[in-house]
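Next up: a single chain in structure tokens, the form predicted on its own.
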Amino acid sequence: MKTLLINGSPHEHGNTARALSEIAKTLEAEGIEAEQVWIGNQPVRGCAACNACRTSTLGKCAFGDDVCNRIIEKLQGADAIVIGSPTYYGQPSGQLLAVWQRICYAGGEYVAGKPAASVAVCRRGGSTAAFQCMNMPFEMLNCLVVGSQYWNVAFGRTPGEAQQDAEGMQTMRTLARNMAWVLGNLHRDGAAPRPVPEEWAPMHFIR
């Protein structure tokens, strides 16, 4: 079983990558292969509503000059999906939104019905709105949206700072264990026991 984790940040090794890495490490400890893909920091196109991906035999997005079709190919071999983004003005990154909308339209068959989750990273606020925005396509594509002990949010500004968010990192690990549990039950006969939760590690930001 394999989970594809998509880093929608323009920073390859920023806090979004840190949160996704915590998920990937935990998934691998649970016996689930985890591949991370970065959308990059080069220009990406928004959907032009040409409908060529559906009205022709193309089978992919008509624009082939960015990461969209490469991610669609990777999704074909994935059993589950996690997308992550920093929070800009209460929304996911523009790059992720542009690419992800095209992926869901041109390659939605490779997203539909799979266990899926979103991760939002922020300095201070707006993350729940970004998190909700990222989850909405999953709900339209009949995905099994996997939750955690809290919204899948981590806090951090400078690269690596999210590692200091103890509760955020625990939320990522809990999400990964829940994802592994869902995948395990989808791919074998008989229900596996639910994962044992860690002792809650709350973290408050006013000391």
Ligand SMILES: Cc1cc2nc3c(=O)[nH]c(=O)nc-3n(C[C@H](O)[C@H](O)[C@H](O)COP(=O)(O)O)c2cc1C
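Remember, predicted model here, so these are calculated numbers, not experimental data. So that there is no doubt, residue numbering starts at 1 and follows the sequence shown.
What follows is about the form predicted together with this ligand, which we do not show.
query = Is every one of Gly46, Gly94 and Phe131 in contact with this ligand in the predicted bound form, taking contact as a heavy atom within 4.5 Å?
reply = Not a single residue of the candidate spot has a heavy atom within 4.5 Å of this ligand in the predicted bound form.
query = Given that the partner is absent here, does Tyr88 sit within 4.5 Å of this ligand in the predicted bound form, heavy atoms only?
reply = Although this ligand is absent here, Tyr88 would touch it in the predicted bound form, with heavy atoms inside 4.5 Å.
request  = Examine Val121 and determine whether its closest non-hydrogen atom to this ligand in the predicted bound form is within 4.5 angstroms.
outcome  = Answer yes; at least one heavy atom of Val121 falls within 4.5 Å of this ligand in the predicted bound form.
request  = Flag Pro195 as yes or no: does it have a non-hydrogen atom within 4.5 angstroms of any non-hydrogen atom of this ligand in the predicted bound form?
outcome  = Output for Pro195 is no: heavy atoms all beyond 4.5 Å of this ligand.
task = May I ask you to check whether Gly14 falls inside a 4.5 Å heavy atom distance of this ligand in the predicted bound form?
result = Residue-level check for Gly14: yes, a contact with this ligand.
Contact segment among 173 to 181, 64 to 72, 25 to 33, 151 to 159, judged by heavy atoms lying within 4.5 Å of this ligand in the predicted bound form = It is the stretch 151 to 159.
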